[in-house]
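Given as structure tokens, the chain that follows is alone and in the form predicted on its own.
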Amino acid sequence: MRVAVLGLGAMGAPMARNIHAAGHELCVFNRTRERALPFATLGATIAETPAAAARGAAVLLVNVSDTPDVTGMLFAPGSGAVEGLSAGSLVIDCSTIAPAAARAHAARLAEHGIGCVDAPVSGGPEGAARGTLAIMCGATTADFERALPILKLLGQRIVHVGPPGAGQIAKAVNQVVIAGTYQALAEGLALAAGLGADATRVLDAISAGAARSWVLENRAGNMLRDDYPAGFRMKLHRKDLRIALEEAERAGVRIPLTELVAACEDRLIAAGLGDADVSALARAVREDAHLPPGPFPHSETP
């Protein structure tokens, strides 16, 4: 079928490639057109507006940065995707946005006879490339089942959490959990180095035990090297924590560890690390521990 993809960043581009590789007719749109150009070599159509991309599409997949971006992609007067979608089509929004906004988008699309699934993802660019993402879905049962053929091209763990907005609630919880995991890993490695142990060997020792996690397996190397190439940008994680903290305040739930990590990220973003991978949280931990910058020392023999 014809599938349109809006947003070709670190996550959206590999997701679009997986959809194309499965044999679907692909049309793409990105606000920075240069990012869309490589898709022309795959035979995809490059659209000039979201509305043009959506025209004739059975499914529209969105993956952009924040709530206003999604709203603009879908509903901007004259150019929003809703102008091109037909009744009976389906929107799958893989962006991370506020749950209330996801519910509002679904309601607006329903007025046009268009289904909607909020389907934020976790697993990083690596998971997007391999098609192994975890996908958290909020939708009616009918819309979730319609979305499954596309979602199965993108992820391995696909859960229907509840009605529209529920996927975004699950993603907020996910971001709270990984915030604490990044912070705890950074503190653990700093403790190992501060006590004079080889942090690399300590990591090897704990990696198959109860401390094992995606963060440890995929981002501990960044912390050991003190090098944080772009993966999941810190400023985007901070945006996600803002959503989580706002939801927590609305519910009257205190999440102090998340408040701590958000403050650390504010400090690092102010220092120019907003585009670094979120594992750069280790920089703040190392500074507070008075550890020198650079890779942790590693002994070749115990």
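Numbering starts at 1 and runs along the sequence shown. Here the structure is a predicted model, which is why all the values come from computation and not from measurement. Take the two forms, superpose them, and find the largest set of C-alpha atoms that agree within 1.5 Å; that set is the rigid core.
Below, we turn to the form predicted in complex with another copy of the chain, even though it does not appear here.
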query	finding
Any non-hydrogen atom of residue 75 within 4.5 angstroms of another copy of the chain in the predicted bound form	no
Interface membership of residue 254, another copy of the chain in the predicted bound form, 4.5 Å heavy atom rule	yes
Non-hydrogen atom contact residue 260 with another copy of the chain in the predicted bound form at 4.5 angstroms	yes
Partner proximity in the predicted bound form: residue 188 to another copy of the chain, non-hydrogen atom cutoff 4.5 Å	yes
Partner-facing stretch of 111 to 119, 81 to 89, 147 to 155, 213 to 221, counted where any non-hydrogen atom is within 4.5 angstroms of another copy of the chain in the predicted bound form	213 to 221
The unique member of 230, 195, 142, 107 whose heavy atoms fall within 4.5 Å of another copy of the chain in the predicted bound form	195
Threshold 2 Å Cα movement between this form and the one not shown at residue 84, rigid core reference	no
Yes/no, residue 133 Cα shift of 2 Å or more between this form and the one not shown with rigid core fixed	no
